[in-house]
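Okay, so here's just one chain, in structure tokens, the form predicted on its own.
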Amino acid sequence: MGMAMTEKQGGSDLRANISEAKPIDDGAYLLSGHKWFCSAPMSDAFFALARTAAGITCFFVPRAASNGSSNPFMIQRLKDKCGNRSNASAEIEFAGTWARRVGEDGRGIATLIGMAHLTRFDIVVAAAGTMRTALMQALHHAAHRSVFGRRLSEQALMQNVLADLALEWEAALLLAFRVARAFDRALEDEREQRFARIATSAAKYWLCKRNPVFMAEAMECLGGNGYVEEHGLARLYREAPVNGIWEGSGDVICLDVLRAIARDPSSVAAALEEIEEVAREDARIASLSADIARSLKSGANLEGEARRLTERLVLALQASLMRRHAHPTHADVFIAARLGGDGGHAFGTLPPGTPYRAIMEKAWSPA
């Protein structure tokens, strides 16, 4: 299934779309207009947005028309993208293209958001998964590469870097699994539904911000070998930014977090309740949780601080999950480095006394 939403004059602002949909006798529509980005143009069907008299509406566009003939779907050119090359993207043109409406007339963006909620979760899982792949490449290389008379994995500074990457991945994995559990239970548990509403977007934002930095650091562990195309890390590095762009770039996602807070305050309350259950045992988590609550209660315009608020919310969630599920030492080091100010801004700056080797060995076999 492909997606044909974005137009050149609007980008993320889908309300600016000008493609038109005209109804025909059998309840179907004919679409006309240009799409700047169409994902997976080789698909047999697409979701598309176009404007009716009622407003922006979502449509199902098959590759073949109802009578079996080819549906007008003109590929103007393929995008020459930085990465994600195996998944084609194209500029396309609709010209009397047959389509069926999906959802309510004039409520296409709301219909799309429901779908985007699922694909944003998919991106959260993908970010954690690609972190794992890159970490394994770095750990394997360090275990077998000898420089200056010792294996890289035996050198303290490289151990710090690899342990830091391992903790980052572990926290990302726990966050992805927690959001997955919320999705599983959403239909029968209203609290989990509220949690999923805000945690999915917040997790998508933060993991997508951490992913490119993570890939760059993992690549550096391999030195020049990591930068050549024969090695898989070069592809992972190019792939990393796209997850932060599609299904909502950083600003769009953080504004969605604010929208969730404004329209359903119980969503952020559900997240804070979960954090506070653990905060009773850790003053650092409690301090960050209280800081988030103060920001929400201040009544100030939060738009300019939306990224800061989202980041703090995710870090508090990750810290609480590490405290619940990770090895106690791993949790202590993660919280010290990410919340307690006892770590630097780059990977490889975990505090003194960290059991680097133990964290690295656990990353090899997380089960």
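Residues carry their position along the shown sequence, with the first being 1. The structure presented is a predicted model; accordingly, all values stated were derived computationally and were not measured.
Only in words, not in the display: the form predicted in complex with a small molecule, which the text now covers.
The contact residue chosen from 137, 160, 89, 111 relative to the small molecule in the predicted bound form is 89, the criterion being a non-hydrogen atom within 4.5 angstroms. Listed residues 274, 247, 93, 192 were compared with the small molecule in the predicted bound form; 247 is the one with a heavy atom within 4.5 Å. In the predicted bound form, every residue of the candidate spot (4, 11 and 242) has a heavy atom lying within 4.5 Å of the small molecule. Heavy atoms of residue 37 reach within 4.5 Å of the small molecule in the predicted bound form, making it an interface residue.
In the predicted bound form, the small molecule lies farther than 4.5 Å from every heavy atom of residue 71. In the predicted bound form, the small molecule sits beyond 4.5 Å of every heavy atom of residue 154. Mapping the unseen interface onto this chain, residue 252 counts among the residues with a heavy atom inside 4.5 Å of the small molecule in the predicted bound form. The chain is drawn here without the small molecule; in the predicted bound form, the stretch among 77-85, 194-202, 121-129, 283-291 whose residues come within 4.5 Å of it by any heavy atom is 77-85.
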